[in-house]
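Read on for two forms of one protein chain; each stands alone as C-alpha cells, with the labels structure 1 and structure 2.
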Structure 1
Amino acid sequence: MSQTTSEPTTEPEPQQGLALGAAPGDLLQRLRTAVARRTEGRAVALLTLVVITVAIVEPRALTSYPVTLGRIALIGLVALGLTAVILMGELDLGVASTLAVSGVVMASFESLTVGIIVALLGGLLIGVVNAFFVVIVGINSFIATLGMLFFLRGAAFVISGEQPVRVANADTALQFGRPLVGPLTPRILIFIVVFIALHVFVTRMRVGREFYAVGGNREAAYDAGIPVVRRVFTGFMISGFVSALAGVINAMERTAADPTAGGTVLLASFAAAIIGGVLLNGGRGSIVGALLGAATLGILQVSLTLSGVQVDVQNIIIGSVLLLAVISDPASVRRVMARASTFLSERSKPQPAG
C-alpha cells in the first residue's frame, strides 16, 4: 500500500507546466528560425532603398503606374520562369531569345489565336529540348542553354527576315494593351495570375516542393525516390512556356514582333531572381523573392529611362545592383568573415626565426 501511495503519479503535470512555461521561448525560437529561413530580406532592403532614391531623384517613375507596372510584369514573368529552373540548380540562358522568337512566330500567323497557341507550344518544346540536353545527354545547363540562346536568336531573324513583323489583327492587339482595371493592363493581370499559380505550385504542391530537394542535394533526391529527370523537364518547360508567354504579350502590346526584343530582359530577369534570394546552386529561393527583385529592377529601369540614361549605362547600374545583392548575401558575408579571420590569425602567429 505504501508503495502505491508513494508513486509519483503527478510527475507528468510538472513536465506539462514546464512545457507551457517554455512556450514563449519556443515561439520566439520558431520565429527566429522562420525569419532565418526566409530569403527575401535583401530584396526588401534593396526595394526600399531604390524606392526612396527614385522618389527623390525621379518621382515620375512612381506615379507612371502603367509604364512601371508593365515593366515589372515583363521582367517578372521571365524571372518567375527562371526561378523554377534555378531552384533545381540549373540555368536557362535562352529565355530572352525564347521571348523574341515566340513573338515573331505568333505574328507570322494570320490568325491571332493560332499564332498564340503555336508560340506557347513552341515555348514548351524549347523547354523540353533544353531539359533533354541537360539531363539525358548530360550537357551542363549553362552550355546547353547558351547554344539555345544563339539558335533561337538566329531563328527569330530568319523567320522575320530581319525585320519587325506586324501582328495581323492590329485592332485586337491595341485593345490588349489598354488598361482593364485602373492602371492594370492584361500584361499585369496575366503576370499576377502566373505569380499566384507558381507560388502555389512551389509551396503547396508536392511536385513544386521537390524542386528544392533536387536543387539542394540531387543525389539525396534520387535516393529518396524523387523523379529528378521529370522534375528538371518540368522546370525547363515552365521557363520556356512563361518566356514564350512574355514574348506573345510583348508583341501584342507593340502590335509588332521585333527579332531583337528582349535584349535587356536576360540580365534583368537573372538579376531579379538573384536579388530575390534565389541561390544559383539551387535549393533556396522563393517566387515572392523573384517578384520583389522584379519590382526593384522595374522601378529602377523606368526611372533611369525617364531620366534619359542610355541603355548601356543602365546595364552598368543593374550590374552594380546585382553585385551588391550577391556580396550582401549572409552566406557570402560569413565566408568573407571566416576567410578574413583565418588570414588575420595566420598573420598573428609568431614567425620562425630566419
Structure 2
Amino acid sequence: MSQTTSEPTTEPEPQQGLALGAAPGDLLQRLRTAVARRTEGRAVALLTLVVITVAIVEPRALTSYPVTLGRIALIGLVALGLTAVILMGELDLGVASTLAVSGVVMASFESLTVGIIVALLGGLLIGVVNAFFVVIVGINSFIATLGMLFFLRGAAFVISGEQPVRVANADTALQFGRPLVGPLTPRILIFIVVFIALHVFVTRMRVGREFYAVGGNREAAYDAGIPVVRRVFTGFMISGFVSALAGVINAMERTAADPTAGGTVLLASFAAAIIGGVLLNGGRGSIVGALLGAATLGILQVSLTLSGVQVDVQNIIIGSVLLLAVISDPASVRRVMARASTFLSERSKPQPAG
C-alpha cells in the first residue's frame, strides 16, 4: 500500500494543455481511490485475519460476544483518547497510571457521584499538567509523560495505601456491570458514546480537525493562525479525561480500585492505536482505526484466555504485535527495503575494469 504521489488522477499531460484535475472515473476507480485515502488498511487486514482464525480455532470468543465486547471497550477506551494526542505528534505514556489513580480517587470518596466527578476532573488536570510541560516548558512529550507515568502510579499507591480500595457504595457500583440494553453493559455503551463523540470531533469539528494540521505540519498550522498551544492542551485533556473515565468504569465494575490496575493497558492501547494506522509522528490516523485495532487485540486476548493461554503468554503476544506494528510503519519499511535492494544490487554488479 505505497502512497505514490503520481496517481493516475494527478498525472499531468503536457501535450494537451494541463489535465490537472481528476475525472471522477468509474465506480471501481472511485472505490479504489476512496480506499487508498484511508489509513485503516492494516487494521482491517489484521482484524479479518484474527476473526477468521478465531472463528476456526476458538469460536467461543465470537459467540460469547458480551465478554469480547467488554474487553474491546476496556482496551479501546484508552486507545481512543491516546489517539487524539498521537494525531498531534505527541504521546501520553501516563494513560495507564491515570486510569489507576482515578479509580483509586473515585473509590476513596464516600459518595459515588462526588468520587466520579473528582476523578474525571483529576483526569482533565493531568492533561493540563502534561500539556504544560510539553508546550510551555518544552520537554519532549515522551519524557514529560513518562515522569507522569511514574508519579501517578506512585500517587495511586499512596492514596490507596498500597492495596485495593473497595468502592463505598458497592451495590450501585455492582449495577454498573450489568447489561443495560441487550448484552450491552454501561461500559460498552460509554465506549460507544466516546467513540462516536471523538470520531465526530476529529472529523466534523474544526478544533478536532485542526489536530491533524498540528501533527501533520506544525509550522503551517502556526502560519495559518491555528492556536497550536491551545490545541495541544485540548488533546492532552481529552486523553487524561478518557483515561480517568476508563479508570472509573474499571473500579465500578470490580467494586474496587486496584492501584496496580491497567498494567497491560498502556501496552494494549498503544498497540491498538498503532495497528489502527495512527502514525506516531502525528498527522495521520483515525479514531475508526484505533477502534479496529482495539477490536483486533480484544478478540485476540479473549480467544487466548478462553483457550487457556496464560496472561504471561498473552503479554508476549501483544508485546510482539506492538513491536511488529511499530517497525512495520510503511515509511520505515520502505526505507529499509530500499537500502537492502541497493545493497544487494551493489553486490551483484561486477566491478568495471580499472
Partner chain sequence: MMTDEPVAETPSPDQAAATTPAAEPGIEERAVTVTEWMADRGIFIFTALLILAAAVFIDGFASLTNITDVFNRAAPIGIVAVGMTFVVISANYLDLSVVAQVATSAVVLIAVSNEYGFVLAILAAIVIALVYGFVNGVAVGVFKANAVIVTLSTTFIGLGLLRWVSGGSIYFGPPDGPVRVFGSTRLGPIPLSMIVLVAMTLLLSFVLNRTTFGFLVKAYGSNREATRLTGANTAMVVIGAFVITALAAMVGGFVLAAFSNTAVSSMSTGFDFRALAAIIVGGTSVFGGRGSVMRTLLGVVFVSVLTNIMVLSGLGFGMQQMAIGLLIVAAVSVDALARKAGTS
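Think of the rigid core as the biggest set of C-alphas that the two forms share within 1.5 Å after superposition. Predicted model only: the values in this text are computed from it and were never measured. By convention here, residues take numbers in order along the sequence of structure 1, the first being 1.
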Structure 1 or 2, which would you say is the form predicted on its own? 1
So with the core overlaid, does the Cα of Thr48 end up 2 Å or more away between the two structures? no
Once both forms sit on the same rigid core, is the C-alpha displacement of Val288 at or above 2 Å between the two structures? no
Rigid core fixed, the Cα of Ser320 shifts between the two structures, in Å, by 2.5
